[in-house]
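This document starts with one chain, in the form predicted on its own, laid out as structure tokens.
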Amino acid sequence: MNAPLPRPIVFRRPWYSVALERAIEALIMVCGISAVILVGGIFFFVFREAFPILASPNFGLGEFLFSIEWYPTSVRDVRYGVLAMIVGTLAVTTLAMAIAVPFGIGGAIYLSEFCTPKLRETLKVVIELLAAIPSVVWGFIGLTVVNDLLITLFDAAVGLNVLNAALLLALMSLPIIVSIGEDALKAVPDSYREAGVALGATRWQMVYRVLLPAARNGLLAAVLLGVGRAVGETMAVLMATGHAVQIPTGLLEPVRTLTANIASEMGEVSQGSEHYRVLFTIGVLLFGITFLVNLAADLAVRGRRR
């Protein structure tokens, strides 16, 4: 007669451990959902303030988007045209990214692959300190240092222009691009590097042909966050662009951005007025621009994955 099999030993976790784990899971879920709720709430508040002017029959959306005439305080002929500010925002952001992305990705590659551990820690501290500088301080730098420098180097009539703001935004976006770009490169498995070395690839060939393609999604996220930092910046561009409502034909001409326009005029309008509603409509437009940038990046990432 066969002997009965011994019962398996079952280890039961204490009830408080299970309860703590479920509480942490619930907290994480609430944090994730709250981010969506907060973004939706912000958009609802901005759109609610802008809706009366958008629904008004006297407000022309085409004139608002495609006119360069911005005269909100005119007595006889009030005009709200933001085309010049849209072009100014895109010009400053595009130039800033053209400067920041090569330096940011290059800095991330250097920190990840070529830097010694001691120097890496020192440079990361410096980069974090660069990110800690307030935007108003960057604005003062543009207003005093960069302004005089551009006038001296390029014989510009005014040093507060597209190039001034782009240089500041590039410096402000660099810490984000470098930090997230380095994390994306570090996340690439070491087996990729070992396989590249085994095939006889040099260090630069391994970076160009192995690491950058493997980390492209993370690097794209770093660039996008840099774009978001540049588009949403207010005080620095307010102080460094010259604040002129015009479409720039060169890098040394003053412009006005959408965010700077809201910051400069919101304190002077009466709540509930037409001008007040139009400024919130500009906020809705900024939401739309940010959404299009994120959507284009998401489509690009999905296309690369396929």
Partner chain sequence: MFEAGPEVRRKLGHERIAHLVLAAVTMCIVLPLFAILAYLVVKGWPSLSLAFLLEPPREMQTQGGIWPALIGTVYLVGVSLAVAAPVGVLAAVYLNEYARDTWFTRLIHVAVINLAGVPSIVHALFGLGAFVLAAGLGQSILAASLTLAVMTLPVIIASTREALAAVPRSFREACWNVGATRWQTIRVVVLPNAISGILTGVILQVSRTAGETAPILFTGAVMYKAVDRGDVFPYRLTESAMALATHLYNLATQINGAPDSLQFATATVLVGAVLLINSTAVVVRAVLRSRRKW
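If you superpose the two forms and keep the largest set of C-alpha atoms that fall within 1.5 Å, you have the rigid core. Numbering follows the first chain given and starts at 1. Values in this document were obtained by computation on a predicted structure and should not be read as measured data.
Heads up, the form predicted in complex with the partner chain isn't pictured, but that's what we're talking about next.
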property: Residue stretch of 261 to 269, 66 to 74, 244 to 252, 53 to 61 approaching the partner chain in the model of the complex, non-hydrogen atom distance within 4.5 Å; result: 261 to 269
property: Non-hydrogen atom contact L143 with the partner chain in the model of the complex at 4.5 angstroms; result: yes
property: Heavy atom of A91 within 4.5 Å of the partner chain in the model of the complex; result: no
property: Partner proximity in the model of the complex: A19 to the partner chain, non-hydrogen atom cutoff 4.5 Å; result: no
property: Close approach of G159 to the partner chain in the model of the complex, 4.5 Å, heavy atom; result: no
property: Contact set, 158 to 181 vs the partner chain in the model of the complex - heavy atom within 4.5 angstroms; result: L171, L174, V178
property: Per-residue C-alpha change between the shown form and the other one, G32, threshold 2 Å, rigid core fit; result: yes
property: G41 C-alpha moves between the shown form and the other one by 2 Å or more, core aligned; result: yes
property: CA-CA separation of N294 and I176, closer or farther in the model of the complex than in the form shown [shift of 3 angstroms or more]; result: closer
property: Cα-Cα trend for C31 and A221, given that in the model of the complex the distance shifts by 3 Å or more; result: farther
